[in-house]
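The data below hold one chain only, encoded as structure tokens and taken in the form predicted alone.
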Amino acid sequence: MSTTEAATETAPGLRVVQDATCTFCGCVCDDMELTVEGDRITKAKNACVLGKAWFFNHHVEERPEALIDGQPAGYDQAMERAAEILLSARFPLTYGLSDTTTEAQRVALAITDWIGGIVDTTTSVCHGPSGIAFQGVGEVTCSLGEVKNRADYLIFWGGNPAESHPRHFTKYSLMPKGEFVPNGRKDRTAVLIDVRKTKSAKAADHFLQVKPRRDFELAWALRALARGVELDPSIEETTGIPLETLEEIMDGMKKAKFGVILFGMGLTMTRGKHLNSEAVLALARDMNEHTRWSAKPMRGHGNVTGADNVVSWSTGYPFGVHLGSGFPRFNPGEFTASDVLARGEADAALIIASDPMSNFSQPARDHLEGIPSVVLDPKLSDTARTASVAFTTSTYGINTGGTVYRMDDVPIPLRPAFDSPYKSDLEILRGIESRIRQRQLAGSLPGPAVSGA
């Protein structure tokens, strides 16, 4: 969608964009009202504190279209060089994808398939364990619309929505009035489970302070109570929570008409990892013997859920997929970006809307700096500074339209606020893909080598 379709002129040089979408976090709130003056967003009605920072701090930097080995270059020249780098690699890696559109993600995956590389997303360093758990025990799921309109019992586990997803409480879960919870907050019971009291604890009816690295044991204790198993009071020594409290919580869970467990990275990034997620997903499944329960992960990046969906529907797996053997191979730890780089295996990288140089391990960063890399980013990130080819791109949701997925797997359209002089990720990736296919069909370079890695 163009900016002219999305915006209404209210005064000379002043436009208002109705129903714009904020792509900062996984809530992907699509009820923004943006006031645009020139190439600046000056008002963002309905945005939370994080959304306002996202919109107000955005401005178009004056940068070259691309950099090749640190020197300014045009898009066409940079696309040619990027295609050359990716085609010459024997074990290329594609990584990132969580802060771009679904349309761009599809092209990035196609490029990876053409060159026989590995595709991995930022899921591998956040909710990757949950992706593994889904394959093991399945998922009893629902949309955030169902949470808003039906949920009368909410469990927030291992997350701090008050600070990480400020509008989740007010728009989707705790506060809003819904069809079957007409009194909003008064019709709901909220439980927060975490290793420490956060700002979210003030909004909960019950706060359960679980001992660090004991989420797995707590989930299994609740599973036992759900099935009528009598527990020994010594469970408090293990979990930090008295048996009486656990029994009270389980009694409330059984009486609920529609319950939801919303779990964060406090589960996935501690001891147990995917086993923690499996236990919580299994708990939601067990509760359906008594009433209606669902479980959903609280996702961080704006379109990380879209990345999972695109890679899953294309390969059968959500992240860490090797496409160099003629068929998809999924093996976290072997084909995930941080591990592939730390072991020094990848010989080229395509990094899209991500900055691994700022958060990967030192061995991974050292190797990434030493291999040819192609980076697409609106900002000159740490990763872009070390890239062989660094493209300056427009920002999705603000300058570029397309589709993103909310954390509940619901696709949301983007309504950009104003145009950017720079190309979108989608346009650049299509240009790279076209050049790769032309070279492969012309036979100027050998096709991707089948790797046994």
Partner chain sequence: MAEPFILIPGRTSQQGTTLNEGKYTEGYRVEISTLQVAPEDMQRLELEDGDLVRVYNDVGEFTVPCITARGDELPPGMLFISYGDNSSRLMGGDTQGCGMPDSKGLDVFLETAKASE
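Numbering follows the first chain given and starts at 1. Given the structure is predicted, the values throughout are model-derived calculations rather than measurements.
Missing here is the form predicted together with the partner chain; even so, the following discussion is about that form.
Shown alone, this chain has one stretch from 276-284, 146-154, 232-240, 197-205 that lies within 4.5 Å of the partner chain in the predicted complex by heavy atoms: 197-205.
Put simply, of K171, R292, R365, R223 only one has a heavy atom within 4.5 Å of the partner chain in the predicted complex, and it is R365. Just one of P332, G131, G178, G324 comes within 4.5 Å of the partner chain in the predicted complex, counting any heavy atom, and that one is P332.
Within 4.5 Å of the partner chain in the predicted complex, a heavy atom is found for not a single one of E37, I351 and Y422.
Contact annotation: R63 falls outside 4.5 Å of the partner chain in the predicted complex, judged by heavy atom distances. Using a 4.5 angstroms threshold between heavy atoms, V410 stays clear of the partner chain in the predicted complex.
Residue contact with the partner chain in the predicted complex: Q77 places no heavy atom within 4.5 Å of it. The partner chain in the predicted complex comes within 4.5 Å of no heavy atom belonging to T189. Of the residues in 253-290, those that come within 4.5 Å of the partner chain in the predicted complex through at least one heavy atom are, in sequence order, M265, G266, T268, M269, T270, R271, K273, H274.
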